[in-house]
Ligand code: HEC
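Next up: just one chain, as structure tokens, the form predicted alone.
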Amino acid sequence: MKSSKALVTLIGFWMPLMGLISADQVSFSRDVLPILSENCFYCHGPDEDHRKAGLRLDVETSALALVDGEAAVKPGKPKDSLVIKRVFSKDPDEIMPPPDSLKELSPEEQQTLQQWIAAGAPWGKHWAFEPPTKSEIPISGSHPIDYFVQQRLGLEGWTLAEEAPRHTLLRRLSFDLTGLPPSHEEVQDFETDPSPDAHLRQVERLLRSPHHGERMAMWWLDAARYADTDGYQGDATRANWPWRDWVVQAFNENMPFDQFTLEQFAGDLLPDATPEQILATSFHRNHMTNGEGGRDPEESRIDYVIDRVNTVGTYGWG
């Protein structure tokens, strides 16, 4: 829902909630896999030419397999697991990651691995291939987001600040949702509104504003590498603004994200594709365009393809 989206915007999109997990809530995809991927897979991953000791930690059967009576991971027995022995070792010839890798696990990462194995080492996949699960939220009078914020503040020994004056709240809300300051009349209306849902009414008003789509589109245009010129030495003007307006309209219409990305990625391949769905694929035209005379067209084409593959993999669907 848009109202929920607005509230998330107010507290920041990426507020860390990692501190809310307990020992029996360690998630493989969220907590463990990033540690293994960053520190272990270079020597114990899918690359056969680089693999050390024949050990793969990216495959469950290999990580659990017994070799000379020992296993890298023994579910429920962290002290008997080679991973834990090596991670906590003080011997420079045994500690993992090795010193020459210039990688070192933090105490929190070491503890996460230990907690994961103690909980039975439940395996998983990359988070993109795991179905989302809804967190349990105690019944209370506050918004669910407030619950998580207060939980995290409590872990840090902090409490909620005093509520800001209404004109300050509306200014923050307006900049977050439209990128524009509120007018004098809008501030006055809000300050004199006695209704208990005055805040939500302002949220809904701003979400209905066409400027809301412009504000939200700003981040997507940056991620997609949108520009009004071609780049390189000539930097000639290009006319890709109809795609920009399509993105703005998509946000204003609250288009579902899967549809939003699908139409940009392959809208022209959809059955009975509409002109708007075909227009959406102009996402792929946001690469820089080299107009240098005498350049091999195929070389330019490959450069453009690489640019868009990197963009799609990094921002759109990665």
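Start at 1 with the first residue shown and count on from there. If you're wondering where the values come from, they're calculated on a predicted model, not measured in any experiment.
Below, we turn to the form predicted in complex with heme C, even though it does not appear here.
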property	result
Heme C contact at Val32 in the predicted complex, heavy atom, 4.5 Å	no
Interface membership of Thr229, heme C in the predicted complex, 4.5 Å heavy atom rule	no
Residue contact check: Pro97 to heme C in the predicted complex, 4.5 Å heavy atom	yes
Non-hydrogen atom contact Glu162 with heme C in the predicted complex at 4.5 angstroms	no
Answer option from Leu55, Met288, Val59, Ala273, heavy atom within 4.5 Å of heme C in the predicted complex	Leu55
Sole residue of Leu169, Leu82, Val149, Leu180 within 4.5 Å of heme C in the predicted complex, by heavy atom	Leu82
Per-stretch contact check against heme C in the predicted complex, the hit in 127-135, 210-218, 87-95, 232-240 (non-hydrogen atom, 4.5 angstroms)	87-95
